Ligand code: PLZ
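Given as structure tokens, the chain that follows is alone and in the form predicted on its own.
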């Protein structure tokens, strides 16, 4: 690594230079743009981010699962540097270029299922989700879209509608899009009759609601995250996803997997659907696809994707050549450095440590996740009552010690961990020690 892989805290966090920059941000940027930790980054790589004051923080966030291959990964840097000297934009819909096609070919090859596929590229996860719904509606001639409790799909009008959580994503931004229906998610920790009944009962409830309240024959698409991200890294009980996918298949409904946060080796498989052998009709990817450059993709069955009329899909910046080259560098890095295996190794290190903490600290109600997508849910000890106050205190202590952590959860009581897949193990261990100390201090 070109950056020393060490935690170094030389000022208060945020330090004086970051505080000066924060004042400029507050004067220039709307207050609606929040900041988790207002340290202004000057360099990042491996498992650390460096700020303007010379602090080096352990990164357990990866820019919200974006820099899976690390910041400034060599193959990404090399490809983007070459491309920026050649051309930065033509618009693929005007005069195309090979890298766009190459990314689509790779996604057709790598995503679950051996059926004939087509892929097109857009700018963000929300845009990709919207386009998946467009394709499903066009192909089926139906209008209704079904989503799940605790789901998050973006901040545009339609994806806000698909998203479950009101604050901060939907509050006072309505009215929302029509023909969107929400059904239960199999949330093992909070299922009323216990985790052992969760998959079967949740699937039965969801299917019953779709059948009775919407009508399966009216549903164009079911959209689901294989692991709910912003909702709190909820891994649906085993059997739930296959049952929902089966129901869709039996009723001509397009099953859309939103793998924006779970994709590209994050969960210990290349895509989270693979864990239970679920093959979606359409899979939506973004975040980790291009190492931090704006890119997202919609990959689906050829017979669905090809039904849309010429000109019905696209966008000026979708599949920008710099982002496409970055994505090819990301895919090369994942393969050559076995980052799927590395994600599993991170889980093997983190999960036992976190489960041991759960035995010690009653404030930890649940430990969950796969690979390098892991969370702990904090509760009032002895209950399942959400404890967002404890989460904020732990975050404050971690940040002060130079560990960047993120929160999540419908109830604001989840700490989520998304370390870069290239993080050295000594930083992983040190970060867990800081976390344990912060929880003990409660």
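A quick note: this is a predicted structure, and the numbers were derived from the prediction, not measured. Numbering follows the first chain given and starts at 1.
Omitted from view is the form predicted together with the ligand, to which the following refers.
Note that among 206-214, 328-336, 154-162, 270-278, the stretch whose heavy atoms approach the ligand to within 4.5 Å in the predicted bound form is 154-162. The contact residue chosen from 299, 261, 131, 320 relative to the ligand in the predicted bound form is 261, the criterion being a non-hydrogen atom within 4.5 angstroms.
Among 230, 366, 235, 149, the residue placing a heavy atom within 4.5 Å of the ligand in the predicted bound form is 230. Although the partner is absent from this view, residue 126 contacts the ligand in the predicted bound form, with a non-hydrogen atom inside 4.5 angstroms. The shortest heavy atom separation between residue 266 and the ligand in the predicted bound form exceeds 4.5 Å. Taking non-hydrogen atoms only, residue 173 never approaches the ligand to within 4.5 angstroms in the predicted bound form. Interface residue remark: residue 181 is not counted as part of the site for the ligand in the predicted bound form, having no heavy atom within 4.5 Å. Contacts between 42-75 and the ligand, taken as any heavy atom within 4.5 Å in the predicted bound form, involve only 64.
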